[in-house]
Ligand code: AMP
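A lone chain, given as structure tokens: the form predicted alone.
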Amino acid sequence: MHEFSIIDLHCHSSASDGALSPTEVVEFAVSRHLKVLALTDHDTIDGIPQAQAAAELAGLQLIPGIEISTSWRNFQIHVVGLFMDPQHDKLQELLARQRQKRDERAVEIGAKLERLGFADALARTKEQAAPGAAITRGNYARFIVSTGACQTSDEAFNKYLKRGRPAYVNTQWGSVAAAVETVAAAGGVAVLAHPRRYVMTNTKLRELIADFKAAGGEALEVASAQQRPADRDYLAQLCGRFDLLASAGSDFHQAGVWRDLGFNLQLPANCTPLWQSARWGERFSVHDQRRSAAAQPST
């Protein structure tokens, strides 16, 4: 039977393609009895200040995070960064590049959807998103559902938006190594997100993890909300093989049965959770110092 955990290190808000505002994500996390939450929106940290303010009021530990889109051997790979300094120059440079690529991709996807009969696809998707949000395929999936063409976001992805489907756009993101190096430079911890969700052989997955580790990556997302026990056990074994810490994240976007916050995130016993490592304590200490300094009145 699936259970709920008190730590969730991967979720999204309306700052990217989540359905809830950063404040609402925090409130929902509290309702699920979470104690630690990382907000990891796609290629943006714009939701962090709002989420941090809500978390402080609610007594929840909020970790600033991001989910960075990268390219590796023609696969789109996601790297989660935790605990970064949001003002670091290298992080700000990466965010600017990612935003430009996302804006360009959003225009291309919108044009493809219009050719498929979805009138004013980009404009209507932006209307449904939060002001200034980075438009992702998740936003488009929600728009497609709103038209009645599909019943669920997963159906919209499978029919229109994933690789090989008619509205897919093959974007060349930066490298995995560049994302990991940027997270490290900004004082953060790099986590390889949902490794089993990439459609690749075990050999290629091990090669990806080796490259991630060589670049300075520190953890694998071993536990995800939608996952078979055998996949979780295999990823735990890979943590040992590559000397990586284990992370857990629901990849929450909206309320639902299978990707609920904190849902089904228990880690196997044969791996070291990120939050039980010395690295966790170090990063949390720096994070707390940074927050304390930011809260001091200027003189």
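This one's a predicted model, so the numbers in the text were calculated from it and none came from an experiment. Note that residue numbering follows the sequence shown and begins at 1.
One more form of this protein exists, namely the form predicted together with ligand AMP; it is left out here, but the text below deals with it.
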Check: ligand AMP in the predicted bound form: within 4.5 Å of a heavy atom of each of 112, 120 and 165?
Finding: no
Margin query: Is residue 182 part of the interface with ligand AMP in the predicted bound form - any heavy atom within 4.5 Å?
Written below: no
Next item on the list: Although ligand AMP is absent from this view, report whether residue 69 comes within 4.5 Å of it in the predicted bound form, heavy atoms only.
Entry: yes
Note to self: With a cut-off of 4.5 Å between heavy atoms, is residue 105 one of the residues that contacts ligand AMP in the predicted bound form?
What the structure shows: yes
Notebook entry, point to check: Is there a heavy atom of residue 137 no more than 4.5 Å from a heavy atom of ligand AMP in the predicted bound form?
Noted result: yes
Check: Which one of these stretches, 212-220, 122-130, 153-161, 89-97, sits within 4.5 Å of ligand AMP in the predicted bound form when only heavy atoms are counted?
Finding: 153-161
Check: Does anything in 172-192 come within 4.5 Å of ligand AMP in the predicted bound form by heavy atoms, and if so which residues, in order?
Finding: none
